[in-house]
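Coming up is one lone chain in structure tokens, specifically the form predicted on its own.
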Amino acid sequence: MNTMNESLHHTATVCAVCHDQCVSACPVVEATHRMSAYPSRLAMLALEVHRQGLPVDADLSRALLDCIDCGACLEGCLYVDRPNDVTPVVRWARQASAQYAPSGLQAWSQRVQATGSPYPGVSEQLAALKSALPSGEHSSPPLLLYVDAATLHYAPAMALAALQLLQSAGKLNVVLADAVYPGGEWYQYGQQDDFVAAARRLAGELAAIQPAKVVALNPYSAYLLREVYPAQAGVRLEAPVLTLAEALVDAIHGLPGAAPRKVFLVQSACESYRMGGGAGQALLEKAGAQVSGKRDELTFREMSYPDGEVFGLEPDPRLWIQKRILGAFQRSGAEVLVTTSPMALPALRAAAPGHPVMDLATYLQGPG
């Protein structure tokens, strides 16, 4: 069995001996009251796997699923200046117990290997989006709008709205990538070989296109391409990677814009906790909106698991998160709930029937 490297062992040890300062921030602990979700307990499990003090079996694999990699624990970490991130340790332990991974992940991986996407209908959605690209020759270097499989599956209208916004901002030479699966679930579950292959496949396509910039519509994909690929897959993209909000924040005055409204912004978890807070609030305020809410209420913790399932967790922490967001939205008095996350869009609409819920790109387009 593989053992932890020195860096992972240090991280696991620091978390294992801590007194769980971060637990109050964990949505899984608050939703399920399961002590196995405590970061210190997860670190202990990983250390025992390293020491071969625990059997590597299905029970261990299920326990390791309690971490959803949202990054909320980093906010409550005792080491304020340099938070100790336990998630790489959890991913290592998952890799060690990969033979007991949930069956849903196996089916997920098979679909990706067969079709390039874990979701049905993605190739048709991508073809429809390509048909909206402007025609003709362009002298400027291409801008690559990276629309991943999750966005095409959960929020295809968001992808079209983003393309139109970029064109309104003067970005006429916009291109799309064919490699729509960036490997997020493989990364989360510790399937390193598959994850690295996905990263290299996308990087190879981008190297052939040579875009000046990459705008990743799904913030989680931006996080993968910008931070995870170099650190975990040894793949560094030549072009800078931006979220849609980052790409538009300096061009907002050239956009059609929505009428100023009081907005409740729901950000992606990786924006809030792993990417410096994101640019969504600044973008909306430049557009004239009044943005309400506290950061912990503005965050949608993506559950990056096959088909939106969270295996082994009852009650499902996503329902708790959605209830919390809806309650905060109702208390805020905001007129519209806007999210930067395509994966959040259908979940929030289901949680808030009768309330206006929009993605960031559609909101910025304004009426019509």
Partner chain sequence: MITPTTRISTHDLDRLKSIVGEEYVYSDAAARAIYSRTVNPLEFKRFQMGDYSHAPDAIVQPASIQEIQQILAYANQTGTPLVPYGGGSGIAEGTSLGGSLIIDLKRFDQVRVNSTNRTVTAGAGVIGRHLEEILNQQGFTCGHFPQSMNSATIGGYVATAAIGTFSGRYGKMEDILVGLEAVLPNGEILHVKPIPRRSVGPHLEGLMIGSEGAFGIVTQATLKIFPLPEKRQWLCCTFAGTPAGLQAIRHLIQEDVRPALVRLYDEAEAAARIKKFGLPHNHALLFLAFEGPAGLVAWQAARAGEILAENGATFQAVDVALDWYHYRFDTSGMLRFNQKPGSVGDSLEIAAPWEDIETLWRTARAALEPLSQAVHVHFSHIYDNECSAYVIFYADSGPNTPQAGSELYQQCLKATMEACLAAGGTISHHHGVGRTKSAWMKMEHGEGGWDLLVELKHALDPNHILNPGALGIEK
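For clarity, a rigid core is taken as the largest C-alpha set superposing within 1.5 Å between two forms. Positions refer to the first chain, counted from 1. Bear in mind that the values here come from a model prediction, so they are computed numbers and not experimental data.
Unshown form predicted together with the partner chain; subsequent notes refer to it.
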At the 4.5 Å heavy atom threshold, is residue 329 in contact with the partner chain in the predicted bound form?
no
Interface membership of residue 350, the partner chain in the predicted bound form, 4.5 Å heavy atom rule:
no
I'd like to know whether residue 65 contacts the partner chain in the predicted bound form, with contact meaning heavy atoms within 4.5 angstroms.
no
In the predicted bound form, residue 15 touching the partner chain (heavy atom, 4.5 Å):
yes
What I'd like checked is whether 282, 285 and 292 together line the partner chain in the predicted bound form, meaning each has a non-hydrogen atom within 4.5 Å of it.
no
Across 14-42, the residues having a non-hydrogen atom within 4.5 Å of the partner chain in the predicted bound form turn out to be 14, 15, 16, 17, 18, 19, 20, 21, 23, 24, 29, 30, 33, 34, 35, 36, 38, 40, 41
Does residue 73 count as moved between the shown form and the other one, where moved means a C-alpha shift of 2 angstroms or more after fitting the rigid core?
yes
Superposing on the rigid core, do we see a C-alpha displacement of 2 Å or more at residue 331 between the shown form and the other one?
no
